[in-house]
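Okay, here we've got a single chain as structure tokens, the form predicted on its own, with questions on binding and movement later.
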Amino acid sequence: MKVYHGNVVYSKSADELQEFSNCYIAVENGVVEGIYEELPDKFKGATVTDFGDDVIIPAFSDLHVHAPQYPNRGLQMDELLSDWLFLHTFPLEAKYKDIDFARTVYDVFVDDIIEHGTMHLSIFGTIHNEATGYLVEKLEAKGIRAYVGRVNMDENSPDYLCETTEQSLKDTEEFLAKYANNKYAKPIITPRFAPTCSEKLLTGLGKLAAKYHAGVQTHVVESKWEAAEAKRKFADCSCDMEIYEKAGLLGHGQFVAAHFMYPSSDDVRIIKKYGGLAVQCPDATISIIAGIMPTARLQNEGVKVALGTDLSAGHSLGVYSQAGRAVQLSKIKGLYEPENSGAISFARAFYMATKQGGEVFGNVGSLEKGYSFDALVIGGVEKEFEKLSPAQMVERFCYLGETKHIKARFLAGTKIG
């Protein structure tokens, strides 16, 4: 049993923060046992760690990040998607054929996500099994909950990254079989997106999804260019989502749709049918993809939306900064597109960054009783002339915060980082 004293904030619901001041949070075997105004007699003998006026919040969930693109963060931000991919991103990803290069980058990447308070992730790797497997094994050893995919691409890709359909399917099955029984970092099927995948490849991946009960992550209606290219390639499908439905990729595990920028009514219908999750990546979409997800409208229509950094199209690993940016972009979207009106609240954005994204990995993303104590301690965002409430401290952190404001990090009750 461990007991911590301080302030606590987590999402009570999608639109309401639960706030506790000057309280005790008890953690038993890495799981939240309860939150108390006064320490119960049964805990009187427990050692209490006092965080004073600092705020304990759930660790963040990043539902879309490209680990191999870590070396490109903050570079080429003036390009649009197609040029950015072919001129910069694909040449970088080709380097992961070299396992020594991969180890060097992924070692730093994992340390950095922890530094930024992210404990749960959905990650794109590359086409290289050895490199992507190393990332899986490193995350598993640290106990970080993640879905990691070796990427599939057999068409419309540079020669140095373009797989044969048969080899792509063979390597994917080997990857799934090797890591299927992992406890924390698990494999997920990852067709890059429709423009780089043949119908034969997607259908084959659908069979693997059924065989291994595997989830799927991909980019869906990511940009106007991607949406048009997908429609040209798969003319018998009404929308991006139908491509994956017809291939048999849906319904076997979690479906994570990155970006979901320009969804049709059919896209919305299908993602809801399978309980999929759309992922907003605010920095990435204004830097590389040039658009804004209709977040408020999608949520009003019943689509589950989480947040992602989309490193390196997004330049920061801080999911907290994406929460603040999501609020800002929802206002801009409504201003210029009245049909998408309806700004989201900060409470909604924080929910997207913690509990909504966390549900993909089980009982994480909250500090309610029974949830894993994957938590951060936030402090140092106040000045001497002011006194903020715990909820205000969290809000300021999501707009102005830096890693120096994360005073402690806990994963399943163990202090890390």
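Numbering starts at 1 and runs along the sequence shown. If you're wondering where the values come from, they're calculated on a predicted model, not measured in any experiment.
Below, we turn to the form predicted in complex with a small molecule, even though it does not appear here.
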Practice task
Choose from 295-303, 190-198, 131-139, 328-336 the stretch whose residues reach within 4.5 Å of the small molecule in the predicted bound form, heavy atoms counted.
Solution key: 190-198
Exercise for the section: Look at the candidate spot formed by Q69, E222 and A313 and say whether the small molecule comes within 4.5 Å of a heavy atom in all three of them in the predicted bound form. Expected result: yes
Completion exercise
None of I289, A214, V268, V110 but one has a heavy atom within 4.5 Å of the small molecule in the predicted bound form; the exception is I289
Practice task
Work out which of I144, C237, L202, L81 lies within 4.5 Å of the small molecule in the predicted bound form, going by heavy atoms.
Solution key: L81
Practice task
With heavy atoms only and a cut-off of 4.5 Å, decide whether L250 touches the small molecule in the predicted bound form.
Solution key: no
Problem - Any non-hydrogen atom of I114 within 4.5 angstroms of the small molecule in the predicted bound form - result: no
Practice task
Give a yes or no for Q254: in the predicted bound form, does one of its heavy atoms lie within 4.5 Å of a heavy atom belonging to the small molecule?
Solution key: no
Handout entry: S321, heavy atom within 4.5 angstroms of the small molecule in the predicted bound form
Key = no
